[in-house]
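One chain comes next, on its own, written out as structure tokens in the form predicted alone.
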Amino acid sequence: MVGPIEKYLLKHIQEDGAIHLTLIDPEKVTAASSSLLAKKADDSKTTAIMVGGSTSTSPNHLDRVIKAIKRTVKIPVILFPNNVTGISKHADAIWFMSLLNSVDPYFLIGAQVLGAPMIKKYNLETLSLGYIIVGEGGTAGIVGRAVPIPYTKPELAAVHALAAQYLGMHFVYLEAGSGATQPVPSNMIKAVKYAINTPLIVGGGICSSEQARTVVVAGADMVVTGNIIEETDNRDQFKKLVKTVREIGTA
């Protein structure tokens, strides 16, 4: 069954061609600063806000951050958990994801089993996601004990994504890692997009409108950025990036 947040995302993809999602890492912000970042993101016309990071944060702090964001903006807040500590009843939905190229069963299904009762209790909408770490992988790759797919092997990313679709996952995410020196390359995005019918999310290392343009042209339906919004000097650059995603998507 498709819930309201998933319908919202799909509707905007259909209308705009491609959409932008802002990632806020609760480890890097206070409740007050998260509110300011959310306002900045909303003003720039981002479609939704993801909250999560690669390292653990206290559940109480996560709750405070999400409540502050919810008081500030009306767009959906989607949890992007790295563990069961990344679940909060105050969000609108959660990426219920499996790290498909992890060698640790915990990140394939263990954390999901532990978190499922809490998600049901909180009545959070689940967005099923096949999560694939590529390239450098960053902290997410280390923490998740992933074997990152090399950028030179786009066909491996494609078959991982196809497996996610056949397992019934509604979204696929190619993750280069926070602060990656190079975003996911076009040929890998194209290979994955050709292989699947589900919406494709791409994130990691995207810090300019030119890089966002390349990612969308290659086939990304959703572009995730995080670090750029945390840099206060990049307000105009961030706004331009979000605008580029929409404009290229509708071109």
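Residue positions are given as counts along the sequence shown, with the first one as 1. Not measured: the values here are computed from a predicted model.
Omitted here: the form predicted together with a small molecule. The next part is about that form.
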Problem set entry | Listed residue (177, 130, 86, 144) with a non-hydrogen atom within 4.5 angstroms of the small molecule in the predicted complex | 177
For this session: Only one of 41, 69, 206, 29 comes within 4.5 Å of the small molecule in the predicted complex by heavy atoms, so just point that one out.
Result: 206
For this session: Determine which one of 29-37, 210-218, 178-186, 192-200 lies within 4.5 Å of the small molecule in the predicted complex, judging by heavy atom distances; exactly one does.
Result: 178-186
Exercise. So in the predicted complex, does any heavy atom of residue 47 sit within 4.5 Å of the small molecule?
Worked result: no
Problem set entry | Non-hydrogen atom contact residue 23 with the small molecule in the predicted complex at 4.5 angstroms | yes
Problem set entry | the small molecule contact at residue 80 in the predicted complex, heavy atom, 4.5 Å | yes
Exercise. Applying a 4.5 Å heavy atom distance criterion, does residue 173 contact the small molecule in the predicted complex?
Worked result: yes
